[in-house]
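Consider the single chain below, provided in structure tokens and representing the form predicted alone.
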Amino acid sequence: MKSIAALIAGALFGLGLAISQMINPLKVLAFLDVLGHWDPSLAFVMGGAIAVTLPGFALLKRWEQPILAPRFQWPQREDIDLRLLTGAGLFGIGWGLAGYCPGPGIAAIALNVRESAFIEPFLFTAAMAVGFLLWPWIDRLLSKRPQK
């Protein structure tokens, strides 16, 4: 049941990304180009997402337990450290260069699988997967550095 719920949620998320054109890198790059030919239409997508998410989280905070899991997995840390800032910076740079972030990259593969537009999101997602696989090794290297 949990896998079916995850599949349905993922399909809805991907459908929302496709309908909103978040899987179109040219649309995303035009949104990020605030000093050039700015296309603010994705701001409405983000505003709509916030309008749906905020009441949903407020409702879930009142629940004692989720329906399909023994407990909620809310983030425990609230501090902002160098690792978080570095990760956020790399995410933003990657998003600005490619026009994809992880969810839209994967959705674009699924929706463009028979078209030539399949190659770009596939390469993005493959590079992301390599980064995920290399991260534990890089993290171990960085954590061995002497602390100041």
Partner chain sequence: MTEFTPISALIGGAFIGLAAVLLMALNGRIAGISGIAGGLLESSSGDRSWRWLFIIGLLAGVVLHELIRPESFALREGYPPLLLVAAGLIVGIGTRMGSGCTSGHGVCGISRFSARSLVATIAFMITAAITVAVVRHGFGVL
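Residue numbers count along the first chain shown, from 1. These figures come from a predicted structure and were not determined experimentally.
Note that the form predicted in complex with the partner chain isn't included here; everything after this is about it.
Although the partner is absent from this view, residue 143 stays clear of the partner chain in the predicted bound form, with no non-hydrogen atom inside 4.5 angstroms. Although the partner is absent here, residue 64 sits far enough away that none of its heavy atoms falls within 4.5 Å of the partner chain in the predicted bound form. In the predicted bound form, the residues of 61-77 lying within 4.5 Å of the partner chain by at least one heavy atom are, in order, 63, 66, 67, 68, 69, 71, 72, 73, 74, 75, 77.
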